[in-house]
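This document opens with one chain alone, in structure tokens, the form predicted alone.
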Amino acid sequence: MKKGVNNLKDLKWKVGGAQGEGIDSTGEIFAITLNRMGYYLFAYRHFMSLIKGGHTNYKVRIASQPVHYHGDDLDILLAFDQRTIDENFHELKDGSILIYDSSKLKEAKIPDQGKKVNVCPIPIYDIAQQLGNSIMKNMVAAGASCAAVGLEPSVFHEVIEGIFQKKGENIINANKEAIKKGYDYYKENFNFKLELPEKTGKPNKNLFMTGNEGIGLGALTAGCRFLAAYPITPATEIMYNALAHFPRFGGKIIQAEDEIAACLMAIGGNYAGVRSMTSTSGPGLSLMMEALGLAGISETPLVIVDVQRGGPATGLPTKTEQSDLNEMIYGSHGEIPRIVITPTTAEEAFYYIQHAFNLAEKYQCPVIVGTDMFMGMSKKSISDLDFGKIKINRDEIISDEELQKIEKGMFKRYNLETKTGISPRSIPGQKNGRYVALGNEHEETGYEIEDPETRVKMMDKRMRKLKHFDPSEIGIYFSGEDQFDILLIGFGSTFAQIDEAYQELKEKGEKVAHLQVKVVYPFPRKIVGEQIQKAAKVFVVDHNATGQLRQLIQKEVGYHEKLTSILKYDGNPFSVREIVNGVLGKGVNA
């Protein structure tokens, strides 16, 4: 076998096999270990909506600098079955390594794609069996991977001790031995290795966090103390995160009977004065639409997190998509003010959920935080969360002293004499305040009305709220020179791949710029319009089939003739290559 060492700026590693045989745990052990060493990682899970069976894989990109995407190609593939080879071999580069379990794959079929791949058969299952437990094949595989990237097996020890602490010393030692056996087998039989990139982070300083965990941690630091939700992939992790941390700070979690109840409970919590939220995915958001209207007409703050997945209906519950954009912006009956924000990374998920609570209380309206499965369930190294940026602003709550000056029953909760459309609210328990809120149309003190004049005034008051909201204060990312020919536009988690495509196109000599919209409603039409005006061609990257962002830009800004969609809706995240090919006119799948 050819001997050599590659000098890579990053290294991509993937383990794959049948669902239920420990693929995630193998990937987690490998990734957590390197993250603690000080490397910057991005880890993406590909899995099916099955408990057991089907193909699953876990890909890790290891880099010297923070990364937001797992990469188009692959340096090391660790395969537990033939399907992993069949479905992932195309990502391998020349000089890459394929390790497979020769215990089960006696005659592995290696595709002939004209690539120089170093094939390393290792009897992973048999080695684990000889150690007394086939479950430890994951540790054997981790040890072989360790040798392939030039690390010593001892780097895994701290992680192993942490995982198996409750199971005792014998189990810890057995797993350490399994890692050593895998390491030794690789070293004794193969002399090819790939070098890891330079390590620039400080050991044990990086968080290794998903977007869902960013939402949970951000909500807690924003003062949220009540979450009501119904389990739904890929949003359930937000509830699990809250269950793990909220109770220590006096917070409460309720698994509601369905999403309708969950949303109504969150409205109730906010009405009672406790920062409250609910989390869901597309089908659950659909069920919340009636409650969304209630929050709008009762002017109750409400925060909803929608972790988008492939739809419609059950659709692709464990795959990613951005097809809820129209639902988030237009869903519900009647007309109400709302804000829809779309963070781009796990760090922004942490910060933007705090913006969501402040905005919901400032404008007394629903705020929807739109993420997706790619951001929600992928993990990345984060070293720079700044808790000093956290600002909690509860805004217009009337004081007890002010209420004491008002005649009993005359507090105008929905005071029409306000230029901003926002009138101070009281919290139940405040003397002379309001204790009930109607879903019916009402007059200033909250009593039901149907007369046309008051109805129009109350609608106008509510719709005035967002006229002073400037979406550019929170949500625009722009990168590029003042003069450019090509503009790339996206929203949410496509930021990572668009940004790498932008860099690649610049290196090819294209005059290109990148704009990422982080508040999609109210739409930042002024700044988006100014940038589109400069461009000859605008490519809108939409992770859905109908180009929902492109349609929104056409409606809000215009420039129909300049806009071209780059679409993807097969359940997988965009690759950088697909975006570059789309811009260069080669077709996304070229």
Partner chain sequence: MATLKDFRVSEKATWCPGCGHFTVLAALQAASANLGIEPYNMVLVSGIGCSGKISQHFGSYGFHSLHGRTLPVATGVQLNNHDLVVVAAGGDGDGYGIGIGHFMHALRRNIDMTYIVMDNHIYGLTTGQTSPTSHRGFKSKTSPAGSAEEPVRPVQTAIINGASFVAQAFSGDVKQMTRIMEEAIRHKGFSLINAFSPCVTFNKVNTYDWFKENIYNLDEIIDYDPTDKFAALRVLEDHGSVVTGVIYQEERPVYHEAMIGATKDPTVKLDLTLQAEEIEAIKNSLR
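Keep in mind the model is a prediction, meaning the values are calculated, not measured. Positions refer to the first chain, counted from 1.
The following text describes the form predicted together with the partner chain, which does not appear among the structures shown.
- Between the options Ile422, Ile474, Leu385, Leu105, the residue in contact with the partner chain in the predicted complex by a heavy atom within 4.5 angstroms is Leu385.
- Among the residues Leu220, Ile486, Ile329, Leu131, the one placing a heavy atom within 4.5 Å of the partner chain in the predicted complex is Leu220.
- Taking non-hydrogen atoms only, Ser96 never approaches the partner chain to within 4.5 angstroms in the predicted complex.
- The partner chain is not shown here, but in the predicted complex it comes within 4.5 Å of a heavy atom of Val436.
- Proximity of Lys405 to the partner chain in the predicted complex: non-hydrogen atoms within 4.5 Å are absent; the residue sits far from the partner.
- For the chain shown alone, Pro111 is not a contact residue for the partner chain in the predicted complex, no non-hydrogen atom being within 4.5 angstroms.
- Just one listed stretch, out of 309 to 317, 456 to 464, 368 to 376, 248 to 256, contacts the partner chain in the predicted complex at the 4.5 Å heavy atom level, and that stretch is 248 to 256.
- Remark: all three candidate residues (Lys205, Leu243 and Tyr447) come within 4.5 Å of the partner chain in the predicted complex, counting heavy atoms only.
- Using a 4.5 Å cut-off on any heavy atom, the residues of 254 to 272 that reach the partner chain in the predicted complex are, in sequence order, Ile254, Gln255, Ala256, Glu257, Asp258, Ile260, Ala261, Leu264, Met265, Ile267, Gly268, Gly269, Tyr271, Ala272.
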